[in-house]
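The data below hold one chain only, encoded as structure tokens and taken in the form predicted alone.
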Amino acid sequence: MWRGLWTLAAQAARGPRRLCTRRSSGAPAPGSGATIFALSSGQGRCGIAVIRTSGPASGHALRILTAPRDLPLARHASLRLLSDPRSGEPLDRALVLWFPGPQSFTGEDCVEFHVHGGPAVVSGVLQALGSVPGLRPAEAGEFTRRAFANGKLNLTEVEGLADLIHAETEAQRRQALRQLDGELGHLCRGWAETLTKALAHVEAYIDFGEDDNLEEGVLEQGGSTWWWGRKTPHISPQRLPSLSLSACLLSPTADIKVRALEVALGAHLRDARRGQRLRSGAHVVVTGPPNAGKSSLVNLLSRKPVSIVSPEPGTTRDVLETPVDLAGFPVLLSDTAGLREGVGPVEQEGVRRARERLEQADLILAMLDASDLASPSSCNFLATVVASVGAQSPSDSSQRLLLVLNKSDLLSPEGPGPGPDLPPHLLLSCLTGEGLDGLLEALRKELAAVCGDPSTDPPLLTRARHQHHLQGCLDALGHYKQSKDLALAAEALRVARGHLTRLTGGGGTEEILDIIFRDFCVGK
């Protein structure tokens, strides 16, 4: 039904006076002169629906559809009767808000119509707006694209807004809000400013290093300047660009800043996988011998019957996956076949897939039956899976493991019976739920290490594009340090700065912008 409403609005907007220019990609060019409109609230019946416009004809559309005809006070809600401009038929009594540019989301004149959310009302208002000369339906993400084009948002803030719209967990919401608030953009702009100052002074020496009229010390001011190891008052322009950098040194302050920038870039790149896991979900795999309670734990954590639970060993024979919110973090939770020598070709394939998925896990939940720790299957699992993961060198990129002893309700008050020496572990009863709170708290700490904690950690890199540009910047700084030529050093600084600029949207190509904005809904 809602697709039909949008089609009607589009048809009403077509006509000889339609002010729409299009690029080869099919998306309207921001600032083309057209005024756009769209349903901004969610589709479906609701109490209130929000329809917005943006562009130079927004005020004209507001006057045409409302009575009285004068514009309301800026950024004040006003109750108005909406009427069809063609027939004069009343459409709805609505709250309208007038946002004159540039103090608006897009930087253009904007209007919001807060109407009753029934399909007939929304359809009538959309068709009425489509009949106003100069208005046309918005493309997906076009409101945000105009905000970007008018300098209201940089590219990392646009991505933060998209992530906020799609956020499903508390951690995703916090991270998206921080990026929307501009934390990553501010950080990159500060880095770019450091490189800009260094580049300016390198080029100053290239252009003016031989100028005897410069006051002594001018080129050495500012902390991010170059100074010569010896006096070079009479160097020909032909020789200066090819001077070895060993003949000139960064000032101590500038050298510290460049080294600090390299360290910061390296640290953020090492954390890049954490941000991407936070955005797309960490991979948590539940594994263990048959009948340890893996499927029961998956059902308990996901709060729904994902897996079949049976006392018969080998019930789960394939990898079952479900997205869940664990302690506020997005997780793809995988239930796997019990690890043992398969008794048939089907179970053997299930065990093979389980081991394959185990290698891809960010966090392993290793399950054992607390009442059966001395069995050969439990001892073999501890010696292979648990010991091998525990032997890895601790780093952010290595797998993490939580050992969970299930069926604690079957234990005596003294705890687990005799068995192998156990690493740190948690006791749990999937039957009674005892120990679940402790497991969730341990999962929260582990997932914060795997995904990053948006409440306390520095801004995270949530997209491959961020990682690409920071890696490019770091590589360029490596060329800069190794360069034996001032001109090549300046070019390396220019390339490094360019990567940081493009990360926030400066100099970006239309193809990259199209990819980013196409994920927005029409009314955003």
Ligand SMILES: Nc1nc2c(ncn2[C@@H]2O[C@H](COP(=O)(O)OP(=O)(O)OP(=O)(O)O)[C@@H](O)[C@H]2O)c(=O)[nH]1
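A quick note: this is a predicted structure, and the numbers were derived from the prediction, not measured. Heads up: residue numbers just count along the shown sequence, starting at 1.
The form predicted in complex with the ligand exists for this protein as well; it is not shown, and the discussion that follows is about that form.
No clash is found between the ligand, overlaid from its position in the predicted complex, and the backbone or C-beta atoms here, as no atom lies within 2.4 Å; the site counts as open. Residue contact with the ligand in the predicted complex: residue 127 places no heavy atom within 4.5 Å of it. Within 4.5 Å of some heavy atom of the ligand in the predicted complex lies at least one heavy atom of residue 409. Of the heavy atoms in residue 436, none are within 4.5 Å of the ligand in the predicted complex. Put simply, residue 175 is far from the ligand in the predicted complex: not one heavy atom of it is within 4.5 Å. Of the stretches 107-115, 67-75, 158-166, 428-436, only 428-436 has residues with a heavy atom within 4.5 Å of the ligand in the predicted complex. Comment: the ligand is not present in this chain, but in the predicted complex one of 422, 309, 440, 319 has a heavy atom within 4.5 Å of it, namely 309. Site annotation in the predicted complex: the residue of 296, 378, 399, 150 reaching within 4.5 Å of the ligand with a heavy atom is 296. Shown here without the ligand, the chain has only 338 in 321-338 lying with a heavy atom within 4.5 Å of that partner in the predicted complex.
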